[in-house]
Structures are given as structure tokens and as C-alpha cells.
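Just the one chain here, the form predicted alone, laid out as C-alpha cells.
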């Protein structure tokens, strides 16, 4: 098999192997639990209706931003486990700013987005500074900051919240209609609208790719992640790169809750969606930190969650089986990519060895 065919096949083999393994392992779990395996997969794999497609795209938009924030840290070999806390404080700040209507219309929207980015970056920057100046693991500090963020937002919410009539739910002031982000029609107006913030998410993905692959900063960031010692030898300020990478990661994390805030909820309350940051970690791993891979991973997670809704009603199976499936997919992806990587190395070593055995005149075009 030629090298031209080997690389594309290996690239496809890893995700294919992961999905097959995830399907088999999840089926085994269903069999052990005594659940109807065929009916479960039939329900999950049934093509969704148009309104469900809208829900999938909306959820994927949020997951995509969360995974991008995580991926920025991963490329620097930093594990930003604090996206959940960063988007909470950032979304709360954006809700307060937009709800006060200090600026009219789209200016108020822009101000809210800037507030979210700055607050998210500042919250993540704490962990970056601790890592750069004191050597504190960002895993530990970001986990602790998640707890602090949850308590801080809960306390602050009670100070500024407005209680809904006839309800125990509290929330910030509702964002004025002129400062909301309008939705975009998908498959016709009657089927619902997707978040208009999907455009911002797409721009973030494009910016992430350009920054990492077409700029000196992106090269330094990737080089530092792969070998801090080599980066120092080439003149890179590693401590500055750590802080900058965490600031960027936190800035993107600050955008995570805005599709929901500006597109459907229009207020930050005690029932605002949680857990988005932890889903982003799994999706970033699934997408191998590549913007296109992350998009596919976000769509897959959103699709599985949307299709899990009728499981309990139609099949009498807990929808938590989807969470098991998601976890298995992440594990199998990590394992399958490592298996395929090692196989590719053996193929390359075999090819080089065969080339070296040839007469010197036949080695043209072979690189070691």
C-alpha cells in the first residue's frame, strides 16, 4: 500500500474504530442490564424531525464554544478544567450588563459580549498566574475556582435578582428586546430558529485555526505545549505563554453561555443550564483539538442527547444510557487514536527499513 493511501486510511480508521467499539460496548451494557438493545438503537438512530434538528444545532453551538475553550489549553498542554466556572461568572456578568441597558440596541449586546469575554479571561487568568508564578497545577486551581464561581454567582444573583411572580425562580433583569441576538431560520420558519450566535461560534473556530496554524504566536504556543525546554531554548517566554493561553481559553469560555442568554433565556437565573464546561472537555478530546473535529463531536453529543429524550417513554430505558455512550465514545477515541498511531509508526518504520535495504540508487524520494 502506497504512502499516499496509507495516511488517509489511518486518519479514517481511528474514528471508525472508536464508533464501532463504542457501539459494541454500549450494546453489551444494555444486554447486561436486560434492556431491549435493538429498540434502543432504533430510537437513537431514527432520523430526527426538523424541530429536533434545530435543537441539535443549538446545543452543538454551545458545546462547540465550550470545547474550543478547552482545546486552546490542551494545545498548550494546559488542562483548563474550569470552563464551567468561567462561563458561569461571565454569563452572569453579561446578563447584568445587558439587563441594565446602559447602551441601546446592538451597542448593549456588544458591551455584554465584551463583559463576558473579559470576565471569563480574568477568571481563567487567576489559574494562569498561579501556574506561571507559583507552579500551582491548573487542574487543581481551576477545579477550586469552579466551586468559588458557583458560590460567588449564587451570592451575587441574590443581590441583583428580580423574582418572577408566582415562582421561586430568581434571575437578573430581562434583556431588552433590541439587545437580543435574533435567531436564524433553519428548514423553514415553522420549524424554529437556531441561535444567531452560531455565526460568532463559527468565527471563533476560524480564528482558532488561523491563530494556531498561521501565526508566530500559534507556533510558539504549540511548541511550548510539546516541549517547554525547546521553547525556552528558542527564546519563548514560557510563563508569559501560560498566562496568555489561559486568558485566551477563559475569554472563549466567557462566550459559552451567551447563545442561550442572548438567544432564548434573556436572563440569568437559578435554572440556567449547567455542566456545559465538562461536556466541552470530552468533545475537545473527541475532536482531537481540531476545529472541524470539535464541530463534528459537538454535533454528535447534541444529537445523542436530543435522541435520548424519547427513550424512557417509548422504550422504558433510562436516557442516562446516552451519557454512558458518550463516555465510552471518548474513551474509545483516545484508545483507538493511540492504537492507530502506533500502527502507523510501525508501517513507517517498516517502509524505511525496506528502503534502506535497496541499492543506494533506488532510494530516491525516501526520507528517514
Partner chain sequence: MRRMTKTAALLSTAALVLSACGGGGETDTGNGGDGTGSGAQSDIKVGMAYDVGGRGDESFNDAAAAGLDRAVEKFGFESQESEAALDEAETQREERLRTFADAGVDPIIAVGFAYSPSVAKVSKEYPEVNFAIIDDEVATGKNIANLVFAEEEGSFLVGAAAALKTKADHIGFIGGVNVPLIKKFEAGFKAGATEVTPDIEIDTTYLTQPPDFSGFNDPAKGKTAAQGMYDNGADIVYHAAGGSGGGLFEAASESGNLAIGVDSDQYETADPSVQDVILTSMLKNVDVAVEEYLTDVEAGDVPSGVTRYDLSVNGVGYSTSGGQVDDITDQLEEFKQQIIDGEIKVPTS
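This is a predicted model, so every value here is computed, not measured. Residue numbers count along the first chain shown, from 1.
We do not show the form predicted together with its partner chain, though everything after this point is about it.
Remark: of stretches 121-129, 233-241, 153-161, 246-254, the one touching its partner chain in the predicted bound form is 153-161 (heavy atom within 4.5 Å). Heavy atoms of residue 141 never reach within 4.5 Å of its partner chain in the predicted bound form, leaving it off the interface.
In the predicted bound form, none of the heavy atoms of residue 40 sits within 4.5 Å of a heavy atom of its partner chain. Among heavy atoms of residue 46, none comes within 4.5 Å of its partner chain in the predicted bound form.
Using a 4.5 angstroms threshold between heavy atoms, residue 55 counts as touching its partner chain in the predicted bound form.
Checking 170, 111, 204, 296 for any heavy atom within 4.5 Å of its partner chain in the predicted bound form turns up a single hit: 170. Residues of 64-99 that come within 4.5 Å of its partner chain in the predicted bound form, judged by any heavy atom, are 74, 77, 78, 79, 88 in sequence order.
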